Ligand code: EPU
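Here we start with a single chain on its own, the form predicted on its own, put down as structure tokens.
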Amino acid sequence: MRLGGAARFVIEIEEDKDLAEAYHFADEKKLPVYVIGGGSNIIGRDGGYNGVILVNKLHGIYVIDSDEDTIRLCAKSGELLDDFVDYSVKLFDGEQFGFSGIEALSKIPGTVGAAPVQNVGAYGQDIAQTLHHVCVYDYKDNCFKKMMASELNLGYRRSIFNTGDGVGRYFITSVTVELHKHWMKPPFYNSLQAYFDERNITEFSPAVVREAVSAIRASKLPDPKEYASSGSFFKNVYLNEEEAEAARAKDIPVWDGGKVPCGWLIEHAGLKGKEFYGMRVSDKAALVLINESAKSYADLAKARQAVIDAVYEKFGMTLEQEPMELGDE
């Protein structure tokens, strides 16, 4: 978002062995620690961060093992998630290219280490579906650990890394996923299905899905290198069965699991393309906020509330912010 003040200290972590020293430095100074990868899903507050930011620079991607149907891939947590996806769809096992499980996560900004934190997902896939385990540095116990996916309490944009007692305790050093040869099958998300239908595509290899998702995201989401944005700014809304039935009666789209797309709510509240306090609701994807001229976190906060209030007034549903926040107001 290109907002927020400075951090007091920044340390780049290039090897696992750097972690103990970095946390010891923070302890000596009695300062909190915050871990970032690419920073694409973080909002900085105006007061800056009076602590130590650890920037993940751990790199490496490799195959752990495989059998006739599956393959386990490991990536160090500082690798770009999109590079990891690209690696997976270009693998050749002697019969075919590409293993399925993360191809729909193409072009999501950020690092591999961020994927389990938010349980990132798109177009019918999320990291929880393929995650086998993560390796972490446990700050509390001062040791490295292997944690299985079942231990991480993964949910919609949630894990032990961003919820509850696990916040701030772990530095993810690597992520291992288990992919398979069974490709994605229709029906797909509307925009993805439309892409295939328009081009008469009927074979959905990981490479084909990756190409489609990449093209769709490019048409809808602003390039963070060109536009000040955190991507999807609001979470989808989840309704119980009674609420979902009432919403459908009002012609509000409700997907499996009671999910209402927040972009639809914002667009049908008449906010698409509108600007509030220097923040513009994207005219391509309404769930995205772009910083056109906002100078402070306070501007963002007022714009966020304007969108939330408008959607609530129109539909009686409360939007929640997706990006995490860092620093003092």
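Residue numbers here begin at 1 and follow the sequence given. These figures come from a predicted structure and were not determined experimentally.
Keep in mind that the form predicted in complex with this ligand is missing from the display, and what follows is about it.
- Contact between Ser230 and this ligand in the predicted complex is found at the 4.5 Å heavy atom cutoff.
- Contact between Lys220 and this ligand in the predicted complex is found at the 4.5 Å heavy atom cutoff.
- Although the partner is absent here, Arg248 sits far enough away that none of its heavy atoms falls within 4.5 Å of this ligand in the predicted complex.
- Although the partner is absent here, Arg158 lies well away from this ligand in the predicted complex, with no heavy atom inside 4.5 Å.
- Only one of Pro261, Gly38, Gly51, Gly278 lies close to this ligand in the predicted complex, with a heavy atom inside 4.5 Å, and it is Pro261.
- Contact annotation: this ligand lies within 4.5 Å of heavy atoms from the stretch 267-275 in the predicted complex, the single such stretch among 51-59, 24-32, 295-303, 267-275.
- Not one of Ile71, His182 and Ala207 comes within 4.5 Å of this ligand in the predicted complex, counting any heavy atom.
- Shown without its partner, the chain has Tyr189, Ser191 in segment 172-195 as residues with a non-hydrogen atom within 4.5 angstroms of this ligand in the predicted complex.
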